[in-house]
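Just the one chain here, laid out as structure tokens, in the form predicted alone.
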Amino acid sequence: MSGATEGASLRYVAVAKRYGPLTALHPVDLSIASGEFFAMIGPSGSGKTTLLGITAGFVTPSQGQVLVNGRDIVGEPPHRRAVGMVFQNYSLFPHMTVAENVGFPLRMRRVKRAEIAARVQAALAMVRMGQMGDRLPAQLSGGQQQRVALARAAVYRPALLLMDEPLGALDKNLREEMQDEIRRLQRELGATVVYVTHDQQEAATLADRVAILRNGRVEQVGPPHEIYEMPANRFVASFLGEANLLPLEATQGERARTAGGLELAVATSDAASGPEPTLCLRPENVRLGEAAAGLGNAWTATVLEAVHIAGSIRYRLQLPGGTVLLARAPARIGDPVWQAGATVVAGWRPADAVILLA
């Protein structure tokens, strides 16, 4: 498939969806740049799939505009939108061969037969399925079927590619392999991608920017690392990775006190005071043992649990006053490992935690 597509810009202007008295999507304003890989994540019922359906033309918004390269596409049928779509269930036609499935969007657009054959072969080569064009979907593995679905979405070189939980049916190892394939495909195509997933790690791995939705509202938008390090509120902090969320009774200058009675040093000012402030501390920012000395916040803690997880050790610790803290440390050969019942100094720098006001 020669040449990269110039990705389309996408803008939502006050887009909302209501079903009678139920509001599935409150007014959304978002701008997605040409060639951007943009992910939308959130729990079930958050509105992410509704917004994707509105973009594809499967759902009619109650209000608002969907601007693709500045042109409002609301009201256009799906087949007129020049938008590629990849679903979780692949949606392959079981009676068609791989090549026929991939060529289907081109036949619907009345592309000449010789051009269809060339573009189908190029699309299959792009997803490394070039020798399987004559097979039926039932003869393929789940990962191979997903590759065919990607090729079908890419075969007419859409400027905008929508993906709805495309890897949800795959096992962990295959998901990770296909993440690499999707990112490579997006770079090769040059298309703008809007990607819906419930998997926070998947979104952080793939996306240039992420939007987190809850109850039909956008809670925060930004690069994954920025949202992770500076969440807008408690929901975002707990949804995107693990977080220690410690309710604060008071903050004053660079001091704070938790509801459990711990006196803390914090890197904030009185401006952070709010009705219900919460300290957000990521587990990997908790230092243990000698590394915790002189950090500004340090206590002797009791290890409640130590679990080895994929190259790291996840500790559950109890601080004085009963506060329970999660810590995560790399599992390196020769490093100390504290088992349940042991005591260890746990601490963090004031700059390693943020105060949330919502």
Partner chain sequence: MSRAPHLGWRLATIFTWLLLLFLVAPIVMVVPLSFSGNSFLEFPPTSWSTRWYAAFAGSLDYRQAVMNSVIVGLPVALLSSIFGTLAAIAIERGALPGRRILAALFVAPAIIPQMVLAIGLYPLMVQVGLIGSFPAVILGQTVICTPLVFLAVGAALRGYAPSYELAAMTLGAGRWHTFWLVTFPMIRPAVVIGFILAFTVSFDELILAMFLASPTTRTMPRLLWEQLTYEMTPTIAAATASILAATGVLLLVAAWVGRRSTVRLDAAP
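Positions refer to the first chain, counted from 1. Just so we're clear, the structure is a prediction, and the values are computed from it rather than from any experiment.
Here the subject shifts to the form predicted together with the partner chain, a form of this protein not shown in this document.
- In the predicted bound form, no heavy atom of Y228 sits within 4.5 Å of the partner chain.
- Contact check for V74: no non-hydrogen atom falls within 4.5 Å of the partner chain in the predicted bound form.
- At the 4.5 Å threshold, heavy atoms of N173 stay clear of the partner chain in the predicted bound form, well away from it.
- Contact annotation for V221: none of its heavy atoms lies within 4.5 Å of the partner chain in the predicted bound form.
- A single residue from the set P94, G261, G253, P247 has any heavy atom within 4.5 angstroms of the partner chain in the predicted bound form; that residue is P94.
- Just one of V120, I182, M85, A159 comes within 4.5 Å of the partner chain in the predicted bound form, counting any heavy atom, and that one is M85.
- Contact with the partner chain in the predicted bound form, defined as any heavy atom within 4.5 Å, is confined among 281-289, 103-111, 190-198, 238-246 to 103-111.
- The three marked residues, F58, P78 and A138, each reach the partner chain in the predicted bound form, with a heavy atom inside 4.5 Å.
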